[in-house]
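In the form predicted alone, a lone chain appears below as structure tokens.
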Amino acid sequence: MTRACWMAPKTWLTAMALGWLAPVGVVAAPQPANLDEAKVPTYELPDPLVDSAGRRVADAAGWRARRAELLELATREMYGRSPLGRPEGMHFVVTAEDPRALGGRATRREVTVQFGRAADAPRMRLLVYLPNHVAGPRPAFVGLNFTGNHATTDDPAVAVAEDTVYPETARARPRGKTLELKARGSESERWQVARVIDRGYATATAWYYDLCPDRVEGMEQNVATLAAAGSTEGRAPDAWGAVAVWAWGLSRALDYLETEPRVDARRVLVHGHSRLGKAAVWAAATDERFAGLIANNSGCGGAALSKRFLGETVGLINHRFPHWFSRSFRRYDDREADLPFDQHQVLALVAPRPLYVASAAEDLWADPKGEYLALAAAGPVYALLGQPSLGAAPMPPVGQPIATTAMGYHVRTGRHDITAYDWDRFLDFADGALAR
């Protein structure tokens, strides 16, 4: 059967020139996106509590074995194998500190995480805010940002990302204008730093380009130089992709937070939006030191079920962003029914730690219903481990969050974004989840 063309020829060639698609010659276009709930195919979700031999998991010990099985499956078939742990010689250098930031409400610290002893080793710049009005080690949020640490806050003292190191960064600035003029504070609404600080939480972030620039050739730059895993098209089928590199970086941020006496490293929630929500999902799945996960509008490869074939699909995501996942994941392009797992099982890897998924009503590309159904389908694992799941509750209406101390969900009005409304829900959930 001839598949419908997803892009017009001119757009397709432009996408290849911009690095959205792998330059591998003429390839079949993926099927066009389905945004109609009535056209969702019949699908069957594999049970997270039935192992590969068909045995049902009956207790926590059995879940540990099943968890290892699912982790290996998702690693091999989707996210790819991370060739690195904590690099030898990794160290932290505090480059700036202000104990009276945000009008005295917080201590701001900028830290370079150097991934080796050499001065020219790859590094990640971490921005940390610590609340001043509460004593003792504080719980924290950590996540990656899209356009540099200076974009997450209006604080004028935060160092601007070094655009000379990453020329022509994707969407960071229009040609001919400086990164600082374009991006200073441009994502502050998405981060709500003062709101988080006032609620008694620390917050930390790093620019995802520090780890792996979000382009096809990025798989051979920055952190990838430590591993020599190969180019986007030259990797082994199960070698890591950019999402796994970004997840690895979140773990290295946690390494630093473990050294910070004003942070309770046992209560650090990893969070992310969109593609960085996908990275947060994988970070929480692979690193059990994270206290829990918040995934916002993370869609395909994040919290949404792939088998529903609604919004962004496996075929579409692999064609647009061939560097994000392992090459082995491409065998499921337009063949989601053949996937031996789905994202509810990846979310289940977070259990019994707190897990919150957030959607936006107009963000059909991320499939809000698929995100909720994946969360609900992870619930039996939480129940097995003695944590309150969402049970058989239907997807809640827009603007009516549901939550236990272990699982939560909301769908708000609006589009693909993070808003103050979302952060209020995340903070409310964290208050209950991290107090248990």
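Note that residue numbering begins at 1 and tracks the sequence as displayed. The structure displayed is predicted, hence computed values, not measured ones.
FYI, the form predicted together with a small molecule isn't displayed, but the following is about it.
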Problem set entry | Of 290, 207, 321, 332, the one that lies within 4.5 Å of the small molecule in the predicted bound form (heavy atoms) | 321
For this session: Find the only residue in 254, 317, 197, 128 having a heavy atom within 4.5 Å of the small molecule in the predicted bound form.
Result: 317
Problem set entry | Complete contact of 66, 341 and 345 with the small molecule in the predicted bound form (any heavy atom, 4.5 Å) | no
For this session: Answer with yes or no whether residue 274 is in contact with the small molecule in the predicted bound form, where contact means some heavy atom within 4.5 Å.
Result: yes
Exercise. Should residue 146 be counted as a contact of the small molecule in the predicted bound form, where contact means heavy atoms within 4.5 Å?
Worked result: yes
For this session: Report whether the minimum heavy atom distance between residue 365 and the small molecule in the predicted bound form is within 4.5 Å.
Result: yes
Problem set entry | the small molecule contact at residue 312 in the predicted bound form, heavy atom, 4.5 Å | yes
For this session: Can you check 80-88, 275-283, 107-115, 129-137 and let me know which stretch has heavy atoms within 4.5 Å of the small molecule in the predicted bound form?
Result: 275-283
